[in-house]
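A lone chain, given as structure tokens: the form predicted alone.
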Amino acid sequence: MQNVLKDTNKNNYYKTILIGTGAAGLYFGAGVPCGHGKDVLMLEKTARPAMKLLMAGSGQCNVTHGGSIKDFLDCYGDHGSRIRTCLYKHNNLELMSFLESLGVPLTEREDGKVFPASMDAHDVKNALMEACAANGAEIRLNSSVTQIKDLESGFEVIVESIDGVSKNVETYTCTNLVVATGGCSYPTTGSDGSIFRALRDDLGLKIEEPRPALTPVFVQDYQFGELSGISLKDIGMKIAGLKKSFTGDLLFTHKNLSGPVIINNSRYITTGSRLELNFVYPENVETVTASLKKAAPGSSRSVTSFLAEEYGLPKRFVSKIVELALSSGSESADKKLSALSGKEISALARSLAAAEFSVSGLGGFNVAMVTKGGVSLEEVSLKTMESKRYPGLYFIGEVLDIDGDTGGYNLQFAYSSAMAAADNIFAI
């Protein structure tokens, strides 16, 4: 049966309309002060709220990170200092207290990551949904915003909703409009970036080009597929043309480089970037060369055995490095230290402490955990999340050009920005 498009033109008014019921949207709805919820309409384009939240932390929902909130600033790339006020005012301790007040006990792992004690994202989602309902906020599903119009005092929102096989066009007006639609990552969850067109075309807002972030990186002539699953601790990484350097864990997969050092810094990497990886950080080419030259004379030990023990590296990884560096096949792994030439020692040192890779591409939005880009921070007062040009228009969460590291930082910003907007709207 063919879909029927129908304009109901109800022209419904709400004091506050929120677009998107992901983490930021649900935090906003759950944080609405008592008595104000009846004036809030929450629009969700899909049939299921919080689909991406349920994927967070592989379904375990890493809601934030422990420790001092001051340490969070370095976990948002170059933009951390710009959201200082927002993060400090509604910090990680407040977020943890808020969730526990909703009946979600939390646990903090040794690495500082904070999860619901049940390790089940559904508990976080359900608690937030129940809080939204208790506050009186109304959630309408299958309702996609297609157009936003600026009025003299407020906004008109055009919504296409699906009712069975029929598509209805409905018009709403509001004094405050909160955009919490996320970015472009995991588009099947509803965060497909379609709102950016309306924000750019209807309101003329500056949109920084959305790009995948927190994503694995593909390199040319990848030689490590057989090492899939092997992880190296605290390696060093440099990106050509970038002054800063990075350290963190590296993971080899069947097809690409992954792990925190890659994923967290993929915001700085583009196709064509050149990476230099130091698998033995903080050692360098000179110290590795010196170590090999000192150990080699008269030694009957194999190169692989020596390097694995000397630098605490997995033997399978070292064997592959030796094979590639010496270019003489798998038998290279059994080569004796004493048989190494000066040229071979230099090649091994470079392969361990300054291995070069050329980036052929990044994982797309279907695998990227977050989006780099979105509504430009120049457009927003980052104390209140309100538009500088359109009073009453707010942006919270990933729709903004903010992307955090893995470890709960993106969900923390979702909370902090949502509460900052609620503070200003409801004058708490």
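Bear in mind that the values here come from a model prediction, so they are computed numbers and not experimental data. Numbers follow the displayed sequence, beginning with 1.
As for the form predicted in complex with a small molecule, it is not shown, yet the points below apply to it.
Comparing 31-39, 66-74, 394-402, 374-382 against the small molecule in the predicted bound form, the single stretch with non-hydrogen atoms within 4.5 angstroms of it is 394-402. The closest non-hydrogen atom of residue 357 lies beyond 4.5 Å of the small molecule in the predicted bound form.
Contact between residue 361 and the small molecule in the predicted bound form is not found at the 4.5 Å heavy atom cutoff. By the criterion of a heavy atom within 4.5 Å, residue 410 is counted among the residues contacting the small molecule in the predicted bound form. The closest non-hydrogen atom of residue 212 lies beyond 4.5 Å of the small molecule in the predicted bound form.
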